[in-house]
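Form predicted on its own, single chain, as structure tokens, below.
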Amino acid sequence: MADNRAIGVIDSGVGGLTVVKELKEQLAGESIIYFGDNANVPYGNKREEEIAQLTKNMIDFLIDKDVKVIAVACNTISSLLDKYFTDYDIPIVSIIKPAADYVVENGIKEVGVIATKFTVQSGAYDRFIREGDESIRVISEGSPNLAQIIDSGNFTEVRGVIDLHMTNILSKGDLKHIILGCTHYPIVLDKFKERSPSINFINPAYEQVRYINQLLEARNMKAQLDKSTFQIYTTGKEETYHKMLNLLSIDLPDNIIELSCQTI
């Protein structure tokens, strides 16, 4: 039996559009409702309790829209799912676990993680990777501002910040694989590759959507639609999304609705 309800996607800003891109490529027949909380980006510099409350607001908003699954397109939020968000009736899918599984399944013995400071300090990637293989060495590098710079659309600073973090992480080990542990980072994947062309940069968005595809198939929840829909809700500005959608070569949504923080 088909389930034509939309897939929900939440993020602290525009970074989760990298998940939307993968959904449109891997699950082209599915409708999408996206929520980007740009007014509060970056989440990675906030207190845990504040992140949990902001996340609850987004999840409840999407549940009111009757989505069938929620993709958490934010590594910072994903690091808190097991602690705060286990009592919902619909699947809420972490972006961290599928990427960790990729490392284990591909026999990678040393992997880097570049992420927000909160995600790095949470140890979530270390925990999930070592649950699969405790011998894997995980080398992490936290960034306090890269997500915010990307979210603002100001790319003049990006190369310098990427160079700083790549220099730091590569000084800690002979890395061949690095997880881009924030969904904002694949937006500037080309700049990471310019800095270090020999590195295999792992995109958790791809692995998360692959997992969602398997989940929907296993539960017989895939859509059968003549035409899917795509909506964006944001506490930020519409023009920010136009810029990022164009950058990622994603067709414009049916609508982009600006919300005040008080309405969610």
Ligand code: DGL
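Just count from 1 along the sequence shown to find any residue number. Predicted model only: the values in this text are computed from it and were never measured.
Quick note: we don't show the form predicted in complex with ligand DGL, though the next part is all about it.
Engineer: Does P42 reach ligand DGL in the predicted bound form, with heavy atoms at most 4.5 Å apart?
Structural biologist: P42: yes, in contact with ligand DGL in the predicted bound form.
Engineer: Can you tell me if V113 lies within 4.5 angstroms of ligand DGL in the predicted bound form, counting non-hydrogen atoms only?
Structural biologist: No.
Engineer: Should I150 be classed as touching ligand DGL in the predicted bound form when contacts are defined as heavy atoms within 4.5 Å?
Structural biologist: Judged by the heavy-atom cut-off of 4.5 Å, I150 is well away from ligand DGL in the predicted bound form.
Engineer: Using a 4.5 Å heavy atom cut-off, which stretch among 178-186, 129-137, 156-164, 99-107 contacts ligand DGL in the predicted bound form?
Structural biologist: Flagged stretch: 178-186.
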